[in-house]
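Only one chain is included here, represented as structure tokens and corresponding to the form predicted on its own.
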Amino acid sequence: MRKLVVPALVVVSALYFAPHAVAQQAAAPTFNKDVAPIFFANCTSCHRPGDIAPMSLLTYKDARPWAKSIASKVADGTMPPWHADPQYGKFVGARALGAANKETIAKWVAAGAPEGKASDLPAAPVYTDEWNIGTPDAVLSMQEDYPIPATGEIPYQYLVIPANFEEDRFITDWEIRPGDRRAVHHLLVYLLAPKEVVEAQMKRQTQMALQRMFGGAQANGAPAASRPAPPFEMACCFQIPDGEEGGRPLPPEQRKDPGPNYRARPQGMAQGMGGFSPGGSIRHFPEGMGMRIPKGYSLVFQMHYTTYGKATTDRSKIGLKFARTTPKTILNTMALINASFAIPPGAQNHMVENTMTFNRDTVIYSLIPHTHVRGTGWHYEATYPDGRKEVILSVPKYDFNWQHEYVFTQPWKVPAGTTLQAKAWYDNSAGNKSNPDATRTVTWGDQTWEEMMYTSITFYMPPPPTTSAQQQ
């Protein structure tokens, strides 16, 4: 029988490396001590039961099955979702995990995603009544459970949300919570004027029509005042196609049947205020800023529903917080669009653009780029009156599932005469896994399988400078 001889080097190596392996394993990050604090601070506002993310990360049991996927999404920058190029502009709430946090998650997963000691787990964040903004001052809800069929195309629906406040209210925070997140493609919020305001507006419109009929004279014979230049002008392409929301109606014989549950656009619908889209349900305005709901006005929810194979209902709602005193700055919204594009079949990198000129000094609070599932990127560049150019925002990897509001850290002051050029890119090829049909030419349309080139701009007009005569 041969005697087994173990080389001394092997014995020494085993004696040396064994404790080091144990030490490495002992030093590996654990969920309770190292990873949970990262998730609680950066992820669980969405990754929790009942919110927008597909899974919860509040507990080890929730997170462990997704460990490898989490590491992959964190490593490639998909999570946490933020798509602005960091070399252009500074924005409030930019989501990012530092290098140290990314390394901790990678090491945790590489070590087998250990749970760790129960005593190391910090207290989980508490979400009050499911509202991320805290307890609202008012919650306004749809007045019905709107029925959504299992299949088919649903035109935009307009649901009136009574408010009728007895005095002007100024919003500092809002949060929109869809009743059925799978069915709500997006939701836009508009003001709805009371009957007496609508009648006064119609009277003014009649007077203006009379002025035009009398060749520029007022109805009483006095010359009509010249119209001031509009504060903004788009270069082209703002006419939305006939039959689409915001466009001219089609002839009766060409109109689609809106269905038995159609809720029409109410008369008196006024300024848009923003809304909900995937990844964006909250607005928070800084001290001294807000949006106004005038006395007696209500809200309208413009609902874009999509079917998903199961009949359901939706009753969306909005939680509001109000300023205690009138804010110094009242914010408004406008849109920069191109509604005249045609994306060819199979086009992988098709660009659509438009330009807006500011005729008055303006301050831009935020930009919200919006396309549908073929959109891949956005780029915004300003040209100032002196010829200087500046990239304001670049979104090289636009994601339909996370449509951010890019709020400038310092609101962008736009001098009169500045132009803003917006460019959007689209992938209409078969290589785009989200593309509904790579064989068709794509134009502007309301539905997800159509497209848009739309930017919502929140802004305000600064007060004119005080002259020396006014100061005296």
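Each residue number is its position in the shown sequence, starting from 1. Quick caveat, the model's predicted, so the values are computed rather than measured.
Another form exists, predicted together with heme C (HEC); not displayed. Remarks below refer to it.
The partner is absent here; in the predicted bound form, the one residue of 107, 95, 397, 315 having a heavy atom within 4.5 Å of heme C (HEC) is 95. Interface residue among 73, 265, 360, 328 relative to heme C (HEC) in the predicted bound form, by the heavy atom within 4.5 Å criterion: 73. In the predicted bound form, heme C (HEC) stays beyond 4.5 Å of every heavy atom belonging to residue 294.
Although the partner is absent here, residue 365 is not a contact residue: none of its heavy atoms lies within 4.5 angstroms of heme C (HEC) in the predicted bound form. Although the partner is absent here, residue 432 is not a contact residue: none of its heavy atoms lies within 4.5 angstroms of heme C (HEC) in the predicted bound form. When contacts are judged by a 4.5 Å heavy atom cut-off, residue 125 does not count as touching heme C (HEC) in the predicted bound form. Of the candidate stretches 437-445, 422-430, 409-417, 41-49, only 41-49 contains residues with a heavy atom within 4.5 Å of heme C (HEC) in the predicted bound form. No residue of the trio 134, 177 and 286 has any heavy atom within 4.5 Å of heme C (HEC) in the predicted bound form. Contacts between 49-83 and heme C (HEC), taken as any heavy atom within 4.5 Å in the predicted bound form, involve 52, 53, 54, 55, 57, 66, 69, 70, 73, 74, 79, 80, 81.
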